[in-house]
Structure formats: structure tokens, C-alpha cells
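Given next, in C-alpha cells, is a single chain: the form predicted alone.
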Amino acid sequence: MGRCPGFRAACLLVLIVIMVGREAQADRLDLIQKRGTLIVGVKSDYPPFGMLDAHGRLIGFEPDLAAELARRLGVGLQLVAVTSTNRLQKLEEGAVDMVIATLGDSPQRRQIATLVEPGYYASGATAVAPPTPRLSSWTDLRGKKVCATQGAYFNRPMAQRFLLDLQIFNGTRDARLALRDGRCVAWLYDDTSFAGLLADPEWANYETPLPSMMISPWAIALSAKEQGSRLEQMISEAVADWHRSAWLIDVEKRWGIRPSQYLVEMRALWTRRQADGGLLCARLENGNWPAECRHKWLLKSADVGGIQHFGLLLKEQTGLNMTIIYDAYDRLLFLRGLWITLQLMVACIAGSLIVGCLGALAAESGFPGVRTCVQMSAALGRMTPPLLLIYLVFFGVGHIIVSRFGWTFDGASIVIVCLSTYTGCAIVSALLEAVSVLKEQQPDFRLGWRELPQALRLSYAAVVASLVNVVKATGMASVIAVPELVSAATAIVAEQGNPEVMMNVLMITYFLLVTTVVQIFNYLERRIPELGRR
């Protein structure tokens, strides 16, 4: 009998453990309904998405979303303030049922939490600037001082893509003050953070005139074990309904937020109907949304067909992340870069031949001093690195012309002129050397339009070598943000994080392009053996 109290205590302890274990394994939706309260983590320092009012209550765009979910569940609502650093920790600890706190959806975060599809909002990188000077495109910021905040994931890729001279500050306050004091022409930061800033009367004259870049959807987060649960399904259906009914757009208007293109596009997607009249974004038998309605990084090869299936299967089987195969945006970006590179190649070849031929003809024109001037110019042009020449014209001469006369020049045109001048100078030297040989063979020889083919034939090898070099040099256009192959590959790497794949694709593509050009010139050499005799 003396052991009874201890035995009873042990039994009670076992019973408590069993009850706690059952509660931990219980469906979260059942727990919420049993409790009668939905606990949601939201931000308190990100107006107007999450902030404190004059009475210390959490209000904003995302608290409204939490309130609507609580209404649909028929329970009360308790909001808990979270930050970017502790929001997922609170979720994992069970302190909150879900998090609605400007959480960007990413493969890395999906490894530690359940992120509900579809996303309810999105953010990206943009720039706030005073109304003068006006900005019409991101290329207007090339080479200019732009304020940035330390730690932003888009700082490096945006600086590389658009050649921004970033002035990095420790926090948003310092970056904001630097912009106000005129130390930068614009401030690069998260577009949603500017919604509250521009509502401040002090910043009424500022604007965000540029389209957002590197868009990242925001997702409602649940604990990792809620993957496929009833709660996830309920929230997923609710967000889909918000997009279809434009309820999110109404909430956005209610808080005075600048209209989001993401919400407009999502409403169009989630209300789109198929030929039979049914919604495109309707649940499949496996419980997933159709591939067209899902985030691209969540798709598997089994979810899609055609070229997307091949690209994703290649990734799954080999680990090669060939986004230019299965991602339509990356594929279009790469093909556009390839098309621009082909145009640059053709234009530079033609421009180099024109500069070279006209230079040689001018040198042999017989006018006093012209030959010496042409030879000196050709020597100077050959000794000036083409990259330096591009920088000199674009940032040096171009800046003077823009600041004094307001004239702007397309970056591709500047590259064509600079590379054609550089290569044309080499061709001038090659043609003049050929003319010297011809004069030794024919004392009365004088270079003219009729004799030009003969000189080209004799200097063919040197001329072709120069033209092949200019084909390879077109990649320099990326330094002034011309969207050719190198620029396109760099942009894909910045967003997808697959440098080893894209750099190899870039190398192979350039190898094929240069090889094709060499074969074309070899073909021409074989087909016109009599060029120099006519």
C-alpha cells in the first residue's frame, strides 16, 4: 500500500504524456476549431501591410487577410507580432497557427515550412526617385549613384545587370536620408516597402516610375507537418477565391497601396476558363492545382508535357538546371539575347569591312597628309582596347552629349560603332600591307574601287581573323547592359542560381556561333577563287 501513491503518480504521468502526444498529432484545423481562436503571426513594422494603430492594435493588409480566414473558419482571431527573423521559428514552436508576414515563397523556405499555393501578393525590386530627372527605364540609371540597403538579396544582380553604382547603407533610414539629401539619384529597395513611404506628405513628390524586377510571390506559411492537411486545403481554396473575386484588389485599395500587377495577372489567371467553360485553375484528381496555375519551381516532370517535361526530367535525373528548356521566361530571354547577338555580329562584320575599306581607299587617295593621318588613326585604334573604347564613348562622350544636349544613344549602336572602328583599323592595316605587296608586283598599281577585291583577296586571312575576333568581342556589349547573350545568361544566373550550367551553355553557344562564322568565310574563300583576278 505504501507504493500506491508512487504508482498512481506514474500512471498519471503516462496518461498526461499520452494525452499530450494525441493533441500534438491532432489535426491543426480541429485544434483551432476546438480552441475557438485562430492565432496568426503578422508584422508590426511594415506599413501598410502590418503595423500598430494609435491604440497598439495590429492592423493592415495582412491582418485583414487573417481576419477573413478566421471568419471563414467561424472562430475568433488573435494576432501575434512577428519579425522577419523569428516568424518561421514561431511557426515551428507552435506559438502561432500560421504566418502571414510578407514571406517570399522559395524552394529553400519550403524545406522548413508548408507554403500555401497560390500566393496572395508579391514583391520585387524597384527604385524610388524624385520627379526630376525623370526615369523611363532601368537603363537610365546606368553608371549613376543609387542608394541601396545592406542585405537586400537583389543588390548584386541588379547592380550587375544595369551597371548601377550602388551606395550601400546599413539600414533603410540611412538610405532614405541619403536620397533625400541628393547623394543618390534613386533608392533601390523592395517595392512594397515604398507604399508606406510615399503616403508620407514629406515624400509626396517622389515616385516609383520603374517596373518591379525579380518578382517573388508571398505565401501564407503553416508548419512543415501541415503539408497536405485540411487546413492547407482550406487556406489554398480561400486564397484562390480571393483572386477570383478580386477581394485582394479591394483590400489593396482599402489600404491605399499602389495597384499590384501581380494581383491583376493572378485574377486574370484564376478566372480564365477553358474551351468547355470550366475554370483553368481547378483542382485535379491528385489534389494539386494545374501546372499553369502553380509556381514554376514546384513543378515536376510528371506535371507537364512537351519541352517542359524534357527540361524538368533532365534536372531530376542529372541535376542540370536547364531553365532555358523548361522555363518559358528564361527561354525567351535567352533566345532574345541570341537574336541580338546575331544582329551585333552581322552589323559589326559589315561595319568593320566598311571602315577598313574606306580607310584604305582614303589612304591611297593621293591627297597630301591623308595617308599619314589614316595610318596614325589605324595604329591608335588598334592599340586602344575595345572595352575601353566602349566605356569612353558610352560614359565619357555619351555623358557630355546627354548632359549638354539631351541626346541619348542606344547602347547596341555604340557597341557596333566602337567594335567596327577597332576592327576596321586592323583591316585598314591589313589592306595597306596587301597594297604594298601588289605595288611591288605591279609598279603602276593604285588602289581604287575596282582594285579593292584584289587587295581583299591577298589580305583575306588577316581580314577574316579580324572579323572572327570581332564576332567573339560582341559579348562586351553586356558591360553597358545591352541584352545580348552574355547579359541574358547573367540575368538568368542572378535569378536561378545555376552559374555552372548557364556558363557552359554560353560557352557552347559562342563556340557554335564562331565556328559557323569561320565555316562561312571558308566557304566563301573556296567559292570565289577568282575574286582577286576580277
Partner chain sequence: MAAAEIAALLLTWTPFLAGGFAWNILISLVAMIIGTIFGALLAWLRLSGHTPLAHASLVVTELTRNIPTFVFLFYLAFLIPTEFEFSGQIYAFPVWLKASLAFSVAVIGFVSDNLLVALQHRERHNHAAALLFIPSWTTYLLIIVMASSTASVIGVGEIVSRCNIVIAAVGGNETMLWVYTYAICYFLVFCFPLNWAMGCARRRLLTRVGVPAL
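As the structure is a prediction and not an experimental result, all values here were calculated from the model. Residue numbers count along the first chain shown, from 1.
Just so it is clear, the following notes concern the form predicted in complex with its partner chain, a form of the same protein that is not shown.
**Student:** Spell out, yes or no, whether the shortest heavy atom distance between residue 392 and its partner chain in the model of the complex is within 4.5 Å.
**Tutor:** Because a heavy atom of residue 392 falls inside 4.5 Å of its partner chain in the model of the complex, the answer is yes.
**Student:** Can you tell me if residue 456 lies within 4.5 angstroms of its partner chain in the model of the complex, counting non-hydrogen atoms only?
**Tutor:** No.
**Student:** Taking heavy atoms only, is residue 338 within 4.5 angstroms of its partner chain in the model of the complex?
**Tutor:** No, residue 338 is distant from the partner.
**Student:** According to a 4.5 angstroms non-hydrogen atom cut-off, is residue 510 in contact with its partner chain in the model of the complex?
**Tutor:** Residue 510: yes, in contact with its partner chain in the model of the complex.
**Student:** Note which of 354, 437, 284, 264 lies within 4.5 Å of its partner chain in the model of the complex, where distance is taken over heavy atoms; exactly one does.
**Tutor:** It is 437 that has a heavy atom within 4.5 Å of the partner.
**Student:** From the list 130, 143, 209, 290, which entry has a heavy atom within 4.5 Å of its partner chain in the model of the complex?
**Tutor:** None of the other options qualify; the answer is 143.
**Student:** Considering its partner chain in the model of the complex, find the one stretch among 65-73, 484-492, 49-57, 32-40 with heavy atoms no farther than 4.5 Å from it.
**Tutor:** Selected range: 484-492.
**Student:** Within 4.5 Å of its partner chain in the model of the complex, which residues of 74-108 have a heavy atom? Give them in sequence order, or say none.
**Tutor:** Nothing in the stretch sits within 4.5 Å of the partner.
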